[in-house]
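Here are two versions of the same chain, shown separately as structure tokens and labelled structure 1 and structure 2.
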Structure 1
């Protein structure tokens, strides 16, 4: 379960302020976050991921209140609990597809790749339909394939929470459908909660809930 209460966040020197009185997402459900640009969708995801700290209020992921964690512990928590799928793939161009998938392990703990990770890589790539690209560099594959790699990387540690920041923004409609279907299918397989930002009306139907962040902030009526 994800629970945000009395959340306040503002960027220093910026007029923007995100206020969320209560926002709850049940475990295993999928939520599409919508809203105009600049309304705070990405900020909300960053707060839930523990990348940003709120000025006040609480963010609870599972049984853990993020405010109680030190920066170091929060990073470890993020690595273990949250799978991030960014909009711009954010793949490392000097690593192959399979090496990119293992980056979360490389940057955490002692950098050791756990036993069985190789099999997990093969399994994810197989399901994403890009197993034949595992030894290629990101520059050698298409946009849609890159996004699949980014999605697989977010799922590599089978995290209980998946936060996807508009992962279909750079894709054509056909690929958008495929990526979302794949993401939700994998999430369902591991029982993960999914929060995904999207601007595509066509994709909303795949999710259990659709939440407009403006409404969440109580500004839609204004």
Structure 2
């Protein structure tokens, strides 16, 4: 479960402020976050991931209140619990596609890649339609293909929570449908909770709920 209560956050020297009195996502459900650019969708994801810390209020993921954790412990919790699919991919250019998928294992815990990880990499790349690129470097594949690599990396460790920031933004409509299907099928298989930002109206029907961040903030829609 994800629970945010009396949440307040602002960036230093910026007029933007995110105010959310209560936001809850049930375990195993899927939620699409929508709203205009600049309304706070990515900020909300970053607060839930523990990348940003609220000025006040609480963010709870499962039984853990993130503001009670030190930065180091919060980072370890994020690596163990949350599969991130960032909007700007954040792939490492000096690693191949398949090596990029293994990064979450390399930077968490003891850095050991678990048995069966190679088969898991092959499965995800095949399902994402990019298995033929596994030994290429990110600079040698298209933006849409890099986005699919980022998606697979977010799923690699079968995390209980998946946070995705517009993971279909660089894909054509057919591939948007395929990638969302992959994300939600995998989440259903492992019982993961999904929170995904999207601007694509056609994708909303795939989710259990659609939340407009402006309404979440208590602001009137134009």
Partner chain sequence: MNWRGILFLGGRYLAGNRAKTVLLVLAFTLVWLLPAAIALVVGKVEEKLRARASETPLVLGHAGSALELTFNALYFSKPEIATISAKEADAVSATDLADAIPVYSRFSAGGKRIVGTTIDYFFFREFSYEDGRTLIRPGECVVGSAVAAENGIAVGDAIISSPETLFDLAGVYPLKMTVCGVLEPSGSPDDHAIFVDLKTSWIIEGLGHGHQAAEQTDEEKRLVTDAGEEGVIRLNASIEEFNEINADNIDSFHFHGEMGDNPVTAVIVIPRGAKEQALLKGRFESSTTRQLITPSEEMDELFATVFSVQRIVLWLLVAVGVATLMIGAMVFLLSNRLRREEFRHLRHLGASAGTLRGLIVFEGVFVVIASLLCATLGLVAIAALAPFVIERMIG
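Here the structure is a predicted model, which means the values were calculated and not measured. Numbering follows the first chain given and starts at 1. Whichever C-alpha set is largest while still superposing within 1.5 Å between the two forms counts as the rigid core.
For the form predicted alone, the corresponding chain is the one labelled structure 2. Comparing the chain between the two structures, the hinge between the two rigid parts falls at 83, out of 125, 59, 196, 83.
Between-form comparison between the two structures gives a rotation of 13° for the smaller rigid part, taken against the larger part from C-alpha superpositions.
The two forms, fitted on their core, place the C-alpha of residue 131 3.1 Å apart, compared between the two structures.
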